[in-house]
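Next up: a single chain in structure tokens, the form predicted on its own.
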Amino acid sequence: MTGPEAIFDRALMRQRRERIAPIFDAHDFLFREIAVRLAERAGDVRQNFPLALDAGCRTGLFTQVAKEMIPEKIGTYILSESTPSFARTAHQRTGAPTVIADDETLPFAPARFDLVASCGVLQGLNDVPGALLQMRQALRPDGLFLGALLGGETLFELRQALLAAEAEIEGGASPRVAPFAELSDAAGLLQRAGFSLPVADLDPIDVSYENAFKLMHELRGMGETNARLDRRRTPTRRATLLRAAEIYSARFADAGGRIHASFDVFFLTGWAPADSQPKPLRPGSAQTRLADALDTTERPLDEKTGAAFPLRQPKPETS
């Protein structure tokens, strides 16, 4: 059997993150906001979490935010990060044990954690189902997974502007923006990984910039520039970039002249299976008929025609 098809150059992604680690604080607003929203979701859960894993932690943003927002909910943190410079920073800022490990291969024993949080790294993995499966296996029964990934229409404005400019200036187009999952795909990934009670919801974040070059500079500072394996390997022409900025401004600028960038954040929630969790009833075990609840007549389908016909005739009205 073969593994999932590789989409991203993971080695290149680690190199870029290592390079931008010293300046990441100036560009971490998106992942800090995601961390805040993850912490809010953890705070809404009734139970507490004695041991939590901050997986793919970058500078430990989720741990830092959670310690401030919900200090009573989480007892001890363990962090994992694939980039050594980020891992060192995370340990210094949180004081928590930090493991350098690839985001797709978690080095933890099964049933270890009460909470696993993943703050915006899943969209850059080649094997998202495999990573989710490992996170689920790392949870104790009835442990909680909270994750966030970019998906949907994220950066559709930039994608349109670059494709249009490249086609106009260079007579063709190359892959510029990573493929993003849809919300229905995200929910399916949780089910595929074996989570109970899976939920995926969309929380959009709209950000404005002075121009498209400011946005591209921001993405570079985040370490989120194009790392597709099928990416173009030669530098983009200056004329193409200038034209892309013009197209972006023409299509997506507001009345004040600032351009807007969309980030669709999918928040994922799932539980490690446990006997104490609610379970669906066995087929045929219902105690109440749906037709009675709806105050209507039950009409099964005719096997040949597919048409509905009455199971029993309604009682005649009496005066």
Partner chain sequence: MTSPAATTVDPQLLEILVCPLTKGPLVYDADAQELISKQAGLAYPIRDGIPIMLAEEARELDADSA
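Numbering follows the first chain given and starts at 1. These numbers were taken from a predicted model, which means no experiment stands behind them.
Omitted here: the form predicted together with the partner chain. The next part is about that form.
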Fill in the blank from the handout: Heavy atom within 4.5 Å of the partner chain in the predicted bound form, from candidates Leu51, Met69, Val45, Leu30, belongs to Leu51
Handout entry: Of Lys214, Arg159, Arg243, His91, the one that lies within 4.5 Å of the partner chain in the predicted bound form (heavy atoms)
Key = His91
Handout entry: Proximity of Leu144 to the partner chain in the predicted bound form, heavy atoms at 4.5 Å
Key = no
Exercise for the section: With heavy atoms only and a cut-off of 4.5 Å, decide whether Thr105 touches the partner chain in the predicted bound form. Expected result: yes
Handout entry: Non-hydrogen atom contact Val99 with the partner chain in the predicted bound form at 4.5 angstroms
Key = yes
Exercise for the section: Determine whether any heavy atom of Tyr248 comes within 4.5 Å of a heavy atom of the partner chain in the predicted bound form, and answer yes or no. Expected result: no
Handout entry: Interface stretch in the predicted bound form with the partner chain - options 163-171, 145-153, 91-99, 190-198, non-hydrogen atom within 4.5 Å
Key = 91-99
Problem - Partner contacts in the predicted bound form for 13-34 (non-hydrogen atom within 4.5 angstroms of the partner chain) - result: Arg14
